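One chain comes next, on its own, written out as structure tokens in the form predicted alone.
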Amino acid sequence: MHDTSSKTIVLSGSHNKFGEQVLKRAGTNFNRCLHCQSCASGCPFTGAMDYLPNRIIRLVQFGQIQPALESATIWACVACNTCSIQCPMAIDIPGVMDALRQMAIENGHQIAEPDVLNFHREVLNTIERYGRTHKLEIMLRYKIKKRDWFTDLNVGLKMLAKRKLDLTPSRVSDIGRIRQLFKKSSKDA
């Protein structure tokens, strides 16, 4: 009997280079994905996605660069980690989505979701302020900028029900180090 627990399908050819780039940036072996769709079963944002998270992984595996980098899914992900918690292979799916977002911006791909970069700026602002995300503040600040209060209220209520929105922010103990990273990053840009 053969041990197949660590075997993965290895794709050959140039389409595999895209997967290698994503793997390097994400730092997680998404090729272990079983495509069981456990990731989607708890995600409060699947209604805003054009592909379920495991299908984004499949696009990357098959070297489908444009559909992966121009999908709404990579921008709808808020890195709440519900998908990773439910993943039987412990794949860091938000890490994959983040790598794809970076690649989409760097390579000039069309951003599928309007105003999404403003949303992500709000995410970075809370990280700079607290050392981690405060999702409720992110959503409120974004909604204030857009002046759009109720279109996705149901998503916010789902997140509250799943305890994904803390009413008050939590802070890291050494916020100064986080702020140094932001200063260094702005100098490098």
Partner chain sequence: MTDPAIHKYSYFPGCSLATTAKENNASMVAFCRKIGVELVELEDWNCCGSSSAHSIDSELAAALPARNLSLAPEGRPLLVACPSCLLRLRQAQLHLLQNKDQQQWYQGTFDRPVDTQLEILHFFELLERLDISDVMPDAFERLKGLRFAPYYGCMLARPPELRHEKNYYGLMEKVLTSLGASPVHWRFASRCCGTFLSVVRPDVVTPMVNSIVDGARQAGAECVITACAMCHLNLEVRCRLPDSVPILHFSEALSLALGTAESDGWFSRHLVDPRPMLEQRGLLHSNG
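Just so we're clear, the structure is a prediction, and the values are computed from it rather than from any experiment. Positions refer to the first chain, counted from 1. Note that the rigid core is defined as the largest set of C-alphas that superpose within 1.5 Å between two forms.
In what follows, reference is made to the form predicted together with its partner chain, a form of this protein that is not presented.
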* Structure fact -> Interface check vs its partner chain in the predicted complex: of 129, 58, 141, 158, the one with a heavy atom inside 4.5 Å is 158
* To do: Considering only heavy atoms, tell me if residue 23 and its partner chain come within 4.5 Å of each other in the predicted complex.
  => no
* **its partner chain contact in the predicted complex: residue 71, any heavy atom under 4.5 Å** => no
* Asked: Would residue 30 count as a contact of its partner chain in the predicted complex, using a 4.5 angstroms cut-off between non-hydrogen atoms?
  -> no
* Asked: With a 4.5 Å heavy atom cut-off, would you call residue 162 a contact of its partner chain in the predicted complex?
  -> yes
* Any chance all of 34, 50 and 104 sit within 4.5 Å of its partner chain in the predicted complex, going by non-hydrogen atoms? -> no
* Structure fact -> Of the residues spanning 42-74, the ones with some heavy atom within 4.5 Å of its partner chain in the predicted complex are 44, 45, 48
* To do: Determine, after fitting the two forms on their core, whether residue 128 shows a C-alpha shift of 2 Å or more between the shown form and the other one.
  => yes
* residue 51: Cα shift of 2 Å or greater between the shown form and the other one (core-aligned) -> no
* To do: For residue 67, decide whether the Cα shift between the shown form and the other one is 2 Å or greater, given a superposition on the rigid core.
  => no
* Structure fact -> Against the displayed form, residue 24 vs residue 175 by Cα, in the predicted complex, with 3 angstroms or more change: pair is farther
* Sense of CA distance change between residue 46 and residue 137 in the predicted complex, threshold 3 Å -> farther
